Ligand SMILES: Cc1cc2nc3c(=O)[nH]c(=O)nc-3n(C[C@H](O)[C@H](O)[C@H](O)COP(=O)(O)OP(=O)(O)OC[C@H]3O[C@@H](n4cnc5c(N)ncnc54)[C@H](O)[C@@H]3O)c2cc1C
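This document opens with one chain alone, in structure tokens, the form predicted alone.
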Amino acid sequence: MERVSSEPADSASTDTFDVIVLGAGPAGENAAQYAIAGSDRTAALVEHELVGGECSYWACMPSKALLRPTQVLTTATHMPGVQQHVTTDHVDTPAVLTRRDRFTSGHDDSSQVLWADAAGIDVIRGHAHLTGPRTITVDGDHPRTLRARHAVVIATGTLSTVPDLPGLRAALPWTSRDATNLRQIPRRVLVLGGGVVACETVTWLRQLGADEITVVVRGPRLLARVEPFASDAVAARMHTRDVQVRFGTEVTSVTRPDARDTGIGMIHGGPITAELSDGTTIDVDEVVVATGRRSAVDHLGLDTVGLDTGSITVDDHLTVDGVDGAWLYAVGDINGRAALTHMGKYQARVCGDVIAARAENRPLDDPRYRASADHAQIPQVIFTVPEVAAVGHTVDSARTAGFDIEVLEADIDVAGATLHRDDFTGHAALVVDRATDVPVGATFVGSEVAELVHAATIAIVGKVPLASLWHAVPAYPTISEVWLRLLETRRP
């Protein structure tokens, strides 16, 4: 029987849980699970949308389902013996969208609810807000008050932002939810922003059949937080695919006389005319806004526990700063430490363990009770063509942090890479702290380099000195041989 409830409780005890989590995305799910695992503690997940959250339905899963066919096709069209049988440079759009919908379960969260039930977690539907210490009110058809014995965890994530530019909001542009859940392919697209969401969206839109794509970037390059050689490689690939990227440019106004709310992923009305800061205008069928996100703190009732309503910060136990009693926690994008699903789940595991330890009066002196990986040890993969995989510091951020660094660089020109595809090109860089001879950052760019990043993450988190890495022998013939090439740049 599913443990889902929006009905009023029969007694006060029904509305009391050991742990209450606001937001049922991956971070919230993990926090609840870890907090009660192996115990008789109770937990509730409160969610006003779908259990599984942004990642499952509007971000990670649908976007990667859209991107993977592009990767396969790109490899196939560059592989002798296969390329002769590939008769198009575009994927089968209906088939790709059908597969995407399988991964999002058609926006049906029943399997996630069944998981929660199996884990002993109650799912409560509605909008939740704090009304005092350890007290939550859930709005809905049947409002109810919940009380937490041990902890309340905020895991409400972030929301897409649309800049307040003349005419832009009235034009009903696409946000990331529309882009990942697209049902129609606009022929002409204007993308605002040069970050991860923008670059990945351009990748799948081009492959799905968008004819004209223009990217407007306020700064001087794409992917400003990665190494320049990686962002340059992504920009170069866009150029070869006839994607126009305009750096140092902004949209100043937008006009769409026939704007209509046609639903997520549908073209929202008639053509759009956008005026740019360089004095030019551009006519498109849809605008994708990928200029940033903001914490979903609206109406959370933070003021009822003495907090600023605009933001949340936490310590390394994921306990919210400024609240006495160590009962309020925040995990995932909402706390601003690392806006990545895997990092939110990592924080949630730490948070859940901390809640369990405090509930059982156990000490918190073990390293597992402190989130340290989101302090300059964050891995990330950007699933563009080519892929970018990175962890830890870039050259610039390491210097800003005060490290005296040495940078080891090498082209990914190894046997495993040439076997992967004949025209493989890629580059790798390892940022090394001279004082300890330990890597503090790594970046890879190339075809399917995602699998390289975990080895780099282990080396950085484990503080493995380069002298030891000489004895971590890469298997032959794999792309991982680039590790040897990086170390060899050190030889006299």
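One rule holds for the numbers: they count along the sequence shown, beginning at 1. As the structure is a prediction and not an experimental result, all values here were calculated from the model.
The same protein also exists as the form predicted in complex with the ligand; that form is not shown, yet it is the one meant from here on.
Contact with the ligand in the model of the complex, judged by any heavy atom within 4.5 Å, is made by just one of H420, H127, R100, R221: H127. The contact residue chosen from I121, V414, V216, L300 relative to the ligand in the model of the complex is L300, the criterion being a non-hydrogen atom within 4.5 angstroms. When contacts are defined as a non-hydrogen atom within 4.5 Å, none of C199, H393 and H427 contacts the ligand in the model of the complex. Interface membership of G157, defined by any non-hydrogen atom within 4.5 Å of the ligand in the model of the complex, is confirmed.
Looking at A230, you'd find every heavy atom of it more than 4.5 angstroms from the ligand in the model of the complex. The shortest heavy atom separation between K64 and the ligand in the model of the complex is within 4.5 Å. When contacts are judged by a 4.5 Å heavy atom cut-off, E448 does not count as touching the ligand in the model of the complex.
Only one of 253-261, 329-337, 355-363, 271-279 places residue heavy atoms within 4.5 angstroms of the ligand in the model of the complex, namely 329-337. Residues of 26-45 placing a heavy atom within 4.5 Å of the ligand in the model of the complex, in sequence order: P26, A27, G28.
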